[in-house]
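Only one chain is given next, in structure tokens, and it is the form predicted on its own.
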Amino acid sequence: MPIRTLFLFGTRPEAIKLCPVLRHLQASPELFEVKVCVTAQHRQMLDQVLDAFQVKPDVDLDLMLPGQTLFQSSSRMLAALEGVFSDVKPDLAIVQGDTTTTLCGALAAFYARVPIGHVEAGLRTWDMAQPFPEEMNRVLTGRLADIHFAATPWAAENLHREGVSRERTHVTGNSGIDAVLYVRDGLANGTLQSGIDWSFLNPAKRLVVVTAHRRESFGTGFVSICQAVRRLASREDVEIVYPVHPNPNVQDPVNRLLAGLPNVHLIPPLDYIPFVDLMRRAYLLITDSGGVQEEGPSLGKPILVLREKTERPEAVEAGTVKLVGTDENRIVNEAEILLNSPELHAAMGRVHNPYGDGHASARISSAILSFLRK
């Protein structure tokens, strides 16, 4: 009988990294019966990725509420997932990363006595406040999981130090690289279209793409980020595009400090395909996103990370990513080094991605078969 596999996710990053995996499993119906449950923790941004990968959920809990707290979202998810496990009766539950949906999905599977697979396991900052609450979410999910799909050897070693057996740990690469390479190649050969008219961009200027949304930067951190962007925008050779997260803690300082500035384009969040298209046009990426830290090296882009700590140190060690935190002067200084030195920009932007080669989904599939059919 095919292995009934239940994928649980609720946000855009989870969807980006799980859609390639579930589509790979769906291609072998004799081996896998794939069920998909979404919590819609991020409704609109989730739907964008589902459309891009042509994935239709079997269960859509549609649990997002405006302004919901972590207490509210967690309790509602866990209660709703009880019925999902009762109805689907999966052989394996798959979660990804470190979101509230990830933790609640893993805990629900544990309560239902269903084995748990954790995609992108083993990331650590060893600081429960950075990022918050993601670091705790992934640590707890790691304790609940039965099979761990680590993107890199470093992540796998973190799990081994925490007592996870090597037999239950598989270094697969990151499935997000499967996704970004699929979209990059589709845009290049014309099989995919971003649907965005980029004619507003000035080809004579270098494009800096900014994304920032982390909870730990709300308040003074975001003010400092915006002030740094404001200073960079005063350069005549730079054009900035900032897709602004809908959270009011992001919208308020961004609109107050950056709206209407020359050389700054504040745009709504982009669907996944046009965002990859935007990144591949960029000269420099400035971000606090974990996904962009992983994807950017595959596109040959230098990345400045608006965080003091990262659970993805491999790209820092490889030299394609640099941590700059939220200090205004530090952000500006590091950006101007890359803008003023073509040699340093070229060295940092070399195409070298420590997170994978685009074949993580196939390795995850093989590991699942080995785990459940041994």
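The first residue of the sequence shown is number 1, and the count goes up from there. As the structure is a prediction and not an experimental result, all values here were calculated from the model.
Heads up, the form predicted in complex with ligand UDP isn't pictured, but that's what we're talking about next.
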>> With a cut-off of 4.5 Å between heavy atoms, is residue 279 one of the residues that contacts ligand UDP in the model of the complex?
In response: yes
> Given that the partner is absent here, does residue 16 sit within 4.5 Å of ligand UDP in the model of the complex, heavy atoms only?
Replying inline: yes
> Does at least one non-hydrogen atom of residue 289 fall within 4.5 angstroms of ligand UDP in the model of the complex?
Replying inline: yes
> Is residue 213 a contact residue for ligand UDP in the model of the complex, using a 4.5 Å heavy atom cut-off?
Replying inline: yes
> Given that ligand UDP is left out here, which of 269, 115, 300, 186 has a heavy atom within 4.5 Å of it in the model of the complex?
Replying inline: 269
> Heavy atom within 4.5 Å of ligand UDP in the model of the complex: which of 85, 222, 182, 275?
Replying inline: 275
>> Partner absent here, but in the model of the complex, which of 291 to 299, 197 to 205, 122 to 130, 139 to 147 has residues with a heavy atom within 4.5 Å of ligand UDP?
In response: 291 to 299
